[in-house]
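Starting off, we have a lone chain in the form predicted alone, written out as structure tokens.
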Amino acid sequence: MPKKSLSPTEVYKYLPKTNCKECGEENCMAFATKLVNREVALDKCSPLLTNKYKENYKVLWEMLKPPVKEVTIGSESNSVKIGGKLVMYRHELTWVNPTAIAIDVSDDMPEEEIIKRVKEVESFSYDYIGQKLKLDLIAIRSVSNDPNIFRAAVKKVSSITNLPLILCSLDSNVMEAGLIEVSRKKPLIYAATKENWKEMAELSLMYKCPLTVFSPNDLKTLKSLTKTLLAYGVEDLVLDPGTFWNGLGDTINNFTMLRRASCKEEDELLGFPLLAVPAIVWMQPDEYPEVTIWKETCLASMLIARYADILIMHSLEGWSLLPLTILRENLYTDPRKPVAVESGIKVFGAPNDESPVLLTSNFALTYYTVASDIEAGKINCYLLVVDTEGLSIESAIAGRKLTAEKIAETLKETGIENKVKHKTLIIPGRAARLSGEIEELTGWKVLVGPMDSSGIPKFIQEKWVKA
């Protein structure tokens, strides 16, 4: 059924009609309306996930399935999901399955260098407002074009990492040599072209691995190949329309046209995840490596924003990868909701019943900044995190999301009075205007803390007086 013709009534027919509100909506019809508008996910309906409504779920999934198919790379123990996009623009609905980033190794590298690069990929980790930013896959390229050498490289990489893999060769004999070693890990095969599609399709079916379709700067052939491969029985496809530094316009245009065709025109032949290869810039490196890395980073950042579901990169420089992973994190958060942490009591160090009690909002950036400053000052304390719906202190006060009443509720709900003997609360300097109301409403003495959380250690040292 074409998604454009769906109406809330048609979707409603297959919902449980219990009006249980577990999805957060007032009734099933409201939920159906949001489903049609792509504002909620089908899995939000808990009753629909039970055996009683199993068949209804299947029907609804077919009616509402994402225009971009979700493809899994890797084994059950460690896999990466790519694609699965419901919408073209992130302001329509949160993008799912963040762009996966693969780092390449090649079979002409010395074994020591392969090991070193794989370990660097695994050790890349950065804490960013409560999220752990990491790299996702290893892409093994055949440069030798020798099946035995490629097989040895694949075996070595597989023996030292559990990360999902991409095997890269246009020679089916070389590809099969690699697949023999890691078929259980279900790597992504890169790639089928108009010259080798049949051999690669056979390998994809034999080893049950997803297959990349590669047709550089030729969307017509790409679509034709996809149609042929689907007819041949290969279902899990990934599309690569080519990545070019000297041709940025064509690169961005091709990725945009493919995503538009799937999300806006419902072209199922093009409704697959998109793969980009920013590492292409290393085929013609600049005199200075930093310039080549910069080009690769620019290319990758544009393609993360313009619909690439998976990237193959070469550089392992932190100044390249860190901005890219932060950009990815920011693009794949819900643009309609500020990033928030769970409200309640947070414990720092080993506080006792005489330790200070501080207060902040649940806006993630605010919370992690405050937490970092408390940890840096090695302060033993309790931090009350108020649910301000993800707003910062000043915005929350202006929007009446942080009020004396809300703080009184938090004091009561968290049971902080049972953890300390005093009744002194330290509030942020930016919430100073609430101090009088808080004291009147709660009976707690309020100390107005510094305007910036970096001043908390000094403030505690100089002004904290137990109640």
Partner chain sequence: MSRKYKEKNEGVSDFGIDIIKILSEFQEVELENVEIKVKELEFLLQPFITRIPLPKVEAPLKVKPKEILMEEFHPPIMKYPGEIVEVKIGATKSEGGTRGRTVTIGGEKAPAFYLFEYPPPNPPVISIDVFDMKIPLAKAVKMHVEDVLEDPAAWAKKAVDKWGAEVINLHLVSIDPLLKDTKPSEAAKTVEEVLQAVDVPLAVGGCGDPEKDLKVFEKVAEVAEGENILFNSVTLNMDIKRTAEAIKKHNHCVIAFTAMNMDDARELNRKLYEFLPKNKIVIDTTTAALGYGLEYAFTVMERTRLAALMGDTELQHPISSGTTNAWAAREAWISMDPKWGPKELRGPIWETVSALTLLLAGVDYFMMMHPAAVKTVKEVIKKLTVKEEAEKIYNWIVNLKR
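In this text, rigid core is short for the largest set of C-alphas that superpose within 1.5 Å between two forms. Numbering follows the first chain given and starts at 1. As the structure is a prediction and not an experimental result, all values here were calculated from the model.
Below: the form predicted in complex with its partner chain, not depicted.
A heavy atom within 4.5 Å of its partner chain in the predicted bound form is found for one listed residue only; from 144, 78, 343, 131, this is 144. 257 is the sole member of 115, 96, 152, 257 with a non-hydrogen atom within 4.5 Å of its partner chain in the predicted bound form. With its partner chain omitted here, the record of contacts in the predicted bound form names 321 to 329 of 347 to 355, 68 to 76, 321 to 329, 154 to 162, defined by a heavy atom within 4.5 Å. When its partner chain is considered in the predicted bound form, residue 122 lies well away from it, no heavy atom lying within 4.5 Å. Among heavy atoms of residue 437, some come within 4.5 Å of its partner chain in the predicted bound form.
Although the partner is absent from this view, residue 91 contacts its partner chain in the predicted bound form, with a non-hydrogen atom inside 4.5 angstroms. In the predicted bound form, no heavy atom of residue 375 sits within 4.5 Å of its partner chain. In the predicted bound form, the residues of 257 to 285 lying within 4.5 Å of its partner chain by at least one heavy atom are, in order, 257, 260, 261, 265, 269, 270, 277, 279, 280, 282, 283, 284, 285.
In a rigid-core overlay of the protein, residue 62 has its C-alpha displaced by under 2 Å between this form and the one not shown. Once the cores line up, the CA of residue 365 ends up 2 angstroms or more apart between this form and the one not shown.
Core-superposed comparison between this form and the one not shown: CA of residue 291 displaced by less than 2 Å. Closer approach of the C-alpha atoms of residue 329 and residue 452, by 3 angstroms or more, is seen in the predicted bound form than in the present form.
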